[in-house]
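First comes one chain, alone, set out as structure tokens in the form predicted on its own.
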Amino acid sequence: MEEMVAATFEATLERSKKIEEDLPVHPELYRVLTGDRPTGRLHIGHLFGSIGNRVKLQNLGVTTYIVIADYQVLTDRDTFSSISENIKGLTLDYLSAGIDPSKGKTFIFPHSHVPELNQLLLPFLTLVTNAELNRNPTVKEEIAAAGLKRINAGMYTYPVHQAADILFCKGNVVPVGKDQLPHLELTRLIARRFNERFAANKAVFPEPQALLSKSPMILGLDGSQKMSKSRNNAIMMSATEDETAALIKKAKTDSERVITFDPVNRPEVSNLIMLISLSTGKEPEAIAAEIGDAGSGKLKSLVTDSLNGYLRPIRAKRAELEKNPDYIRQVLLSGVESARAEATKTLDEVRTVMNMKI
């Protein structure tokens, strides 16, 4: 079984490499769906990973839909009072980091505002079994991470809702990490079953491919886990320079005075070196050699200076955008309008092949 999983992942990785090579050559052939949950501000792990990749896709001319998954917040959280503010905060983070909807290739929208998209959920639910939903490993991990004792049905069916998010716009590429592949595989399964059952002569939906992230995983300041808001080990994009300096000062290192880049044996130190590398473009090994035996104090000082320097224009842009809430609202309304237009066309196709037109 493990060999089969490994072989499947290798095949996925190979397809991802081919897509990455073709994207700059034929950007018009691809349509990307990606997104985030509005659970709070984004941190530098998002910036150097998912957001940075979205900006690259945008600049290549790839059509990209960014869904703000507000409904998903209801699956594992009791609170909903901050969802609206978090949607606006996410949009501020996107725009300040270089996402630019005015180029006409990127659309930002909360999926609760696209009812046509959500109408795809019902036919999609008829294409999967309870057993298939129940054994999704990503869902199990999310339940464990949230510490849920009472699990609502939305948690189990959410991967089907994600399939609707991807397929409403005929998304054929989804940037994911390895841990998110089970969700994407379910989307591929739903697309395949829909086409086989309702559209055997001419497929309605593509089977979307994974674009596996090449970005390094950014550890939190505790040095042992992935950076995350919920683990309180993150530096937010919108943090002040003083807040950033204070957080880095508390970051975990080790007892070795000579600084080396060794992610396996020295993950805490290597993670801080990687932050300098991502902020400056310098090679990690060269950064380590430059610090030498100056110790963790010098390392943290360099992290603080380089990260604050990199974030300074992003934070300045965010501060300017915060003064114009009407513009943020317009970006979202425009994204909703575009998403609804796309979803309406797709839903019309779905009704046609399902013989539900009146």
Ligand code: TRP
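None of the values given here were measured: they were computed from a predicted structure. All residue numbers refer to positions in the sequence shown, first residue = 1.
Beyond the structure shown, there is the form predicted in complex with the ligand, which is absent from this document and is the topic of what follows.
Of the listed positions (Val55, Leu321, Ile314, Ala69), a single one reaches within 4.5 angstroms of the ligand by any non-hydrogen atom in the predicted bound form, namely Ala69. Between the options Leu221, Leu186, Val174, Ile287, the residue in contact with the ligand in the predicted bound form by a heavy atom within 4.5 angstroms is Val174. Note that among 30 to 38, 302 to 310, 288 to 296, 326 to 334, the stretch whose heavy atoms approach the ligand to within 4.5 Å in the predicted bound form is 30 to 38. Using a 4.5 Å cut-off to the ligand in the predicted bound form, each of Gln162, Ile166 and Gln180 places a heavy atom inside that distance. Among residues of the shown chain, Tyr158 is one whose heavy atoms approach the ligand to within 4.5 Å in the predicted bound form.
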